[in-house]
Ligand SMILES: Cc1cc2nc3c(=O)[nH]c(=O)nc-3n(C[C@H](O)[C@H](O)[C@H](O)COP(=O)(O)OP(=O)(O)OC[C@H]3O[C@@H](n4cnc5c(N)ncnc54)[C@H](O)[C@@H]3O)c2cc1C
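One chain comes next, on its own, written as structure tokens: the form predicted alone.
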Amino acid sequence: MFPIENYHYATSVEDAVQHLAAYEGTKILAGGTDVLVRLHEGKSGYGHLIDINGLDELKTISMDESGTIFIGSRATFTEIITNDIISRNVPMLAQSLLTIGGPQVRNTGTMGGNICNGAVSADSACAALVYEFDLQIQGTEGERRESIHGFHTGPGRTILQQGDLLKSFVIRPENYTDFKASYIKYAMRGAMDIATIGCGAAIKMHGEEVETFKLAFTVAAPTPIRCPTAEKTMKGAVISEESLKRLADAVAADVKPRTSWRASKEFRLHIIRTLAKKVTRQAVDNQGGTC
């Protein structure tokens, strides 16, 4: 028997927000790939649940006339992966989501849950950082937008407050137009394991020189991170073994890997340096979509 004290099936976004605000620590049930596992394991803190599976408005994926992309927080990984708007414009997002679990997990899990549970290993986080997602959030005081930069505040922690419900992710056209991008997940068992290190890059070229470069990592610090020191080294550079070595050297200043049962700090740093070079090469070579 699961230790559920209160369960509510939300009938609207406003209804969900009201019930989220009523009990501190209330968890949202959408895909359930995280919450139900925690319940099955007998974890505490899952006694109050708000089920949002009836809120179909949170599943929409669309693009407006300006080229801004909206992804509903309840859209499953599979729905995002197979969507034409995503594959044409932000294919690295689909690439990263394909590394999550198996088909059963991707068919039910949501990117909203993947980002909002605050996991430092979230496979969607690198794409969110390099495409610079905004998050459309409904709270008790109305709707607001927050940047993905600073959204994660520590392992398992985000800026979401009691009563907040993520409605959608917003990707502005200036953050994906003319970029090429790639994602690499290093894990012991590939998609069926969480990332030992995740790495994503997006690059915009001006001729043979790098105009804009973005590099992000998961499991390289207490939160998913961008790498400003490493990014600066690539500004105006020509892609070569020399410039990629400078990149690998510079990224050490941005990351704070730790030792765990999965990998030592030293091994993680080796993987980080290696992936920084590899993902950059792949981003340059990647001709998929408009990236």
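Quick note: we count residues from 1 along the sequence shown, nothing fancier. A quick note: this is a predicted structure, and the numbers were derived from the prediction, not measured.
Omitted here: the form predicted in complex with the ligand. The next part is about that form.
Counting any heavy atom within 4.5 Å as contact, can you tell me which stretch out of 171-179, 196-204, 140-148, 95-103 lines the ligand in the model of the complex?
Correct option: 95-103.
Counting only non-hydrogen atoms and a 4.5 Å threshold, tell me whether L29, D34 and F77 all contact the ligand in the model of the complex.
Every listed residue reaches the ligand in the model of the complex, so yes.
With the partner left out of view, is A230 within 4.5 angstroms of the ligand in the model of the complex by any non-hydrogen atom?
Result no; A230 lies far from the ligand in the model of the complex.
4.5 angstroms heavy atom contact with the ligand in the model of the complex for G109:
Within the cut-off, so yes.
Touches the ligand in the model of the complex: A220 (any heavy atom, 4.5 Å)
No, A220 sits far enough from the ligand in the model of the complex that none of its heavy atoms falls within 4.5 Å.
is_contact(C116, the ligand) in the model of the complex, heavy atom dist at most 4.5 Å
Taking the distances in the model of the complex, the answer for C116 is yes, it comes within 4.5 Å of the ligand.
Tell me, out of A216, L165, A128, I71, which residue has a non-hydrogen atom within 4.5 angstroms of the ligand in the model of the complex.
In short, L165.
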